[in-house]
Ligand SMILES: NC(=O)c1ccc[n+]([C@@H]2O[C@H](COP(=O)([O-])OP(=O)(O)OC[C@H]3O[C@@H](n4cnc5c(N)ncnc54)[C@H](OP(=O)(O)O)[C@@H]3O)[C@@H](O)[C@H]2O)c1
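Before any questions on how it binds or moves, here is one chain, the form predicted alone, in structure tokens.
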């Protein structure tokens, strides 16, 4: 008898699932027997692997339309009754130097990379709390830490996403819900076609974080299975009078 995957019939919601990392994650969880809900602006799921799969659901949705996100997630909640795993993967990278800062670039970056996943997480969290189970993975970036030139809008919005991860982990300590961020590394995607790494290299980290036990880590940042301390513990610091320089 073939042993069922740990993700068999788990309900997985993946944003930006039609290309790059999102499609890699969509394929992985489908192969593991999960029920996969993938949403994106473009439908790149037209071959038989998807159309003949009763466990695959695609919804065309533009995450820049913030006002409709709550309605969308509530419809999913009513239909599926649970969302076990949420992967906030959708992202956008708009290059530009700070001296030539384009407000529209900055706004769009935060809409897609931070505002949308914040709203989605808030709504999905209600269902996870009801079922007392949930694993949330925010696909962040090394750019949020390295802060490379020309990508201020992207890096700052991903840094904000990491803050969502840390803050929420402190708000749900009593629930069997885990939230963590990952950097998938410099992988080759439509957003970064010049990169060299395969999107499949982040699958082990995704698998690990999506299947955490109740005692697993939360509020952390992972880079290829390595936990990186981007949130140092400041509780031991004496916050009295500032020292003279």
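Given the structure is predicted, the values throughout are model-derived calculations rather than measurements. Numbering follows the first chain given and starts at 1.
The following text describes the form predicted together with the ligand, which does not appear among the structures shown.
- Segments offered: 29-37, 180-188, 66-74, 208-216. Contacting the ligand in the predicted complex at heavy atom distances within 4.5 Å is 180-188.
- Residues 19, 112 and 141 are all found to lie within 4.5 Å of the ligand in the predicted complex, as judged by heavy atom distances.
- In the predicted complex, the ligand lies within 4.5 Å of some heavy atom of residue 158.
- Though the partner is left out of this view, residue 195 does reach within 4.5 Å of the ligand in the predicted complex, counting heavy atoms only.
- The ligand is not drawn, but in the predicted complex it has no heavy atom within 4.5 Å of residue 127.
- Looking at residue 154, you'd find a heavy atom of it within 4.5 angstroms of the ligand in the predicted complex.
- Contacts of stretch 80-109 with the ligand in the predicted complex, defined by any heavy atom lying within 4.5 Å, are made by 89, 90, 91, listed in sequence order.
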